[in-house]
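Heads up, the chain below is alone and in the form predicted on its own; it's given as structure tokens.
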């Protein structure tokens, strides 16, 4: 037998986000979020799907916690819905919203599951968006106040906190490409939003440490190795620009280096307004870095593209033609990319601790005779776990791995058309049906690693 054991105490987990699973969007005092508005805008999501019901986790959470307990997972990453806590984004606190997360945290702990709380997973209160949203400094301060409120209520039991999930997505998919809420297409605003998100992260770190002195605090970034489509100088420079855009624009300031000079020059007059002490706030020391990895970015120089960087990402068809297997999202499956990313982070940024806060894949899962067999997901996870183990052997301080996702859910603009879960959701009945990958992952957790027949 070939074994890849992980260190004692390694945290195997699953992950979700509030708007993707909770439903109950107008119950118990919750206010509307930008994703409620966006998903109800015709043409913005697949077949007009919304998160109104989603997986109905708001009502079915005891069943979901039991499924985590049966899985044997030692950790669970979930997000707080800001509009459940502060329906107007600021001001009056909705205690019923806090009560929901209070009950959930207690149940998780009773089931032996360590909660990892993400404060912002994209569901900004619509009331704040109506006043300018993340483009305004008011929202920066509102986020710090919200962090304080949640931390004071849950911080006696929750010790692992993530400020933001994927600020690149919020800034650029939401404010430049317009394919995510709030659906704006203004590159100047997007770049300023990216800065304001990072400043709000720094202020929230301070609020969390003040409220929970023994807290472990981090941020989750979506990161990818960037690969040039060819060996040409033009493609190589395009890959460098995209690396700055996707990776270094966030990593560098978080790790105290300020914004990368090449990207400031690239942006020119579009560069964000940076107030005194902003960069110091952004560089607040982290206890861990959360890494969401799905696929590398494959880019080529393309001056015909009317975009900021004069480049194009290779299409799913081009990736398949190049020999890559792709997921239902059209993303190339490249487990070695995870090893490449983790070792780069070790050598270039030296984070104290890393958690893989999301990794998983969407496939065309089918319910047949009451079962869901998903061998491609099992292969995907096995190969990525092996890449993570290899990175551990190189000295990467990896302490946990959260599979995306615990269950099928509302996949943002893709609605319910993409299934990432270990648990199949029948969206007609909301029945939870563990997939073959769920049972396989349970064995990984029990073994604390991969045990495979020797070759």
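Residue numbers count along the first chain shown, from 1. Please read these numbers as outputs of a predicted model, since none were measured by experiment.
Not pictured, yet referred to below: the form predicted in complex with a small molecule.
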Checklist entry - So, in the predicted complex, is residue 363 in contact with the small molecule at a 4.5 angstroms heavy atom limit? => result no
Next on the checklist: I'd like to check something about residue 126: if you look in the predicted complex, is any of its heavy atoms closer than or equal to 4.5 Å to a heavy atom of the small molecule?
Outcome noted: no
Next on the checklist: Check residue 38 for me: does it contact the small molecule in the predicted complex (non-hydrogen atoms, 4.5 angstroms)?
Outcome noted: no
Checklist entry - Can any non-hydrogen atom of residue 56 be found within 4.5 angstroms of the small molecule in the predicted complex? => result no
Checklist entry - Which one, 224, 192, 327, 165, lies within 4.5 Å of the small molecule in the predicted complex by heavy atoms? => result 165
Checklist entry - Which pick from 153, 121, 160, 301 sits with a heavy atom within 4.5 Å of the small molecule in the predicted complex? => result 121
Next on the checklist: I need the one stretch from 329-337, 140-148, 368-376, 84-92 whose residues put non-hydrogen atoms within 4.5 angstroms of the small molecule in the predicted complex.
Outcome noted: 329-337
